[in-house]
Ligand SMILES: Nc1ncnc2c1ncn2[C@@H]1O[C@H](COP(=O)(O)OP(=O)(O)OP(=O)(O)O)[C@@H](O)[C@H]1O
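Just the one chain here, the form predicted on its own, laid out as structure tokens.
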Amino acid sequence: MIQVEALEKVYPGRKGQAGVKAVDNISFGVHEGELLGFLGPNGAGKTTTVKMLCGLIRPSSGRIFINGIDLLQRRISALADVSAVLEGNRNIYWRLTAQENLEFFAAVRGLNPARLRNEIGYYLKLFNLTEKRDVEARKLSRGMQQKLAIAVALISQSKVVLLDEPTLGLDVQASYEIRQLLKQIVKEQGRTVILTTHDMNVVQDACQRVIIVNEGRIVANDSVHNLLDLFKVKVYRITVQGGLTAEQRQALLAMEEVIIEEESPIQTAISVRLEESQILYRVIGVLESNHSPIESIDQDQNNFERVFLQILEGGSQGA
């Protein structure tokens, strides 16, 4: 459904300064009916890539095909298959109601809202907005606004949906609801969805495959399952009563395998990546140096946040 070939974007620098290469010769494809996560740190080139895919930014070089149509040569035809939600919930009109937003944006895409009553009702129900159908968007909660923004993208009946940070700023419950809705849409409607996100729970729970970019380049492109298996190591979580001394903190942070996850005067939680057994004994030795009482030592599950950090640190080089 999407094919990207040798895509680059260079922003010219100021007079006498070199330009900034935001996207550096990336190539990838996305299958029909796939939910792809596009992941990377701030400034990695995620949003620039998505904006090139929906025609808002012209590439410096490279080619983009949407459903076999060259986006750069036949822009209008290619974008007929694309809808997008960029920067959260900004693709809705605040003074229109939920239903009016769906009707308006359907009409903008050349569809007759009167003939889409069933579809509009379906999306209002799917996103749990039926009772809010006559409420102005500005009066909805942030989570409801986000769901309405996605529904607006879907009402156009486009085959490709691009979502830039769809769960940004949402509470745990709202983020979970959107993840489940996206999975349902892909499964039932066969839409092709690309989403950029910083939320590792979204990647691990919803995405079938993930592309990780760093400094404009692709550093990983594989299924979430395969990446989790690739970097599978034993991780232990040690819970200690009370806080740490400055000496303990310095000694623990000097170990690459150790992360201090939480620390308070009441309790401290430490994550230890066990690549060799000696590291666990070293950590326990540091804790015993100040007689810090250990409450528990539990094996932790591998998660995508840990995988992501390992890839950015260069762990993907051997993959």
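Predicted, not measured: the structure shown is a model, and the values here were computed from it. Residue indices: 1-based, along the sequence shown.
We do not show the form predicted together with the ligand, though everything after this point is about it.
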Students should find that, of H198, R249, R217, R75, the residue having a non-hydrogen atom no more than 4.5 angstroms from the ligand in the model of the complex is H198
Identify, from the list G43, G29, G285, P293, the residue with a heavy atom within 4.5 Å of the ligand in the model of the complex. G43
Heavy atom of each of L36, D205 and N221 within 4.5 Å of the ligand in the model of the complex: no
Among 45-53, 285-293, 65-73, 255-263, which stretch sits within 4.5 Å of the ligand in the model of the complex, heavy atoms only? 45-53
Spell out, yes or no, whether the shortest heavy atom distance between L309 and the ligand in the model of the complex is within 4.5 Å. no
Enumerate the residues of 17-35 that have a non-hydrogen atom within 4.5 Å of the ligand in the model of the complex, in sequence order, or give none. V20, A22
